[in-house]
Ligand code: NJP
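Just one chain follows, in the form predicted alone, and it is written as structure tokens.
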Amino acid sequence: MDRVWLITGASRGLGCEIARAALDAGETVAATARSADAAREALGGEHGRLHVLPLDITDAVAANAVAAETIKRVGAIDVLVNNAGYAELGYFETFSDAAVRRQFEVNLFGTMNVARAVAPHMRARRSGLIVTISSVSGLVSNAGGAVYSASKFAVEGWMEGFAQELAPLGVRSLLVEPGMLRTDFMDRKSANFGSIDTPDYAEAITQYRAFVNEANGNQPGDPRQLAARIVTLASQSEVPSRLVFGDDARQWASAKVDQLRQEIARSADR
């Protein structure tokens, strides 16, 4: 079955790999990115099954226009992949208020903009799948990831409820929670670090940045494998509500579940 995919953040990283996997499966793809030229270059140029459109997801008007243009060109949107985002990596007190708000503006509100633009079309057709690229950091937070995790925790809470609102209307949802993937997500193209000097955290921040630098390019997760998994799931009649991808993600998520169980037990009335 030839489906139409609308994918955000498709010029590089996981979004680009999902676009390639969908195209390889014979699907039609509307690939969006802030730079349409970068997306065209990454995906080898437009053709009959590939349409490239510029989109800054923080612009709600533009998101509506892209959804409308996609439907005009190819008739429908069967799968939305809300992938675009970036990371503020570092200790909370080293970030300005503007930086924190920007993290939410992109990762949460931008993602909401695109979902708002596409959901009415899917509801009208009583069909569709919304794939939201979250992170295991949407389930587990740690030192150095508080701001990024906060945005992904918010995405998780929103989509968990929104999915239940959409399900009776025939629209399915998949939250994807990868561990560390071998993409450029941890370099300066996708990640920012705090700018406020806070001496109490100096040593810890130095160690954290060394960890990020060492991990960048050496992450255990294969984005191509995840992209293929998402395309396969999209073709199935039953889709799980969550996909926790990677051994590291499953270990962290399992440890969080165990911790919650213990804390729930200790919270019981005596």
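Worth saying up front: this structure is predicted, and the values here are computed from it rather than measured. Quick note: we count residues from 1 along the sequence shown, nothing fancier.
Although it is not shown, the form predicted together with the named molecule is what the next lines describe.
In the predicted bound form, the named molecule lies within 4.5 Å of some heavy atom of Ile133. In the predicted bound form, at least one heavy atom of Ile57 sits within 4.5 Å of the named molecule. Ile71 falls outside the set of residues with a heavy atom inside 4.5 Å of the named molecule in the predicted bound form.
Taking non-hydrogen atoms only, Gly128 never approaches the named molecule to within 4.5 angstroms in the predicted bound form. With the partner omitted here, the stretch from 49 to 57, 63 to 71, 205 to 213, 236 to 244 that lies within 4.5 Å of the named molecule by heavy atoms in the predicted bound form is 49 to 57. Site annotation in the predicted bound form: the residue of Val106, Ala154, Val100, Ala146 reaching within 4.5 Å of the named molecule with a heavy atom is Val106.
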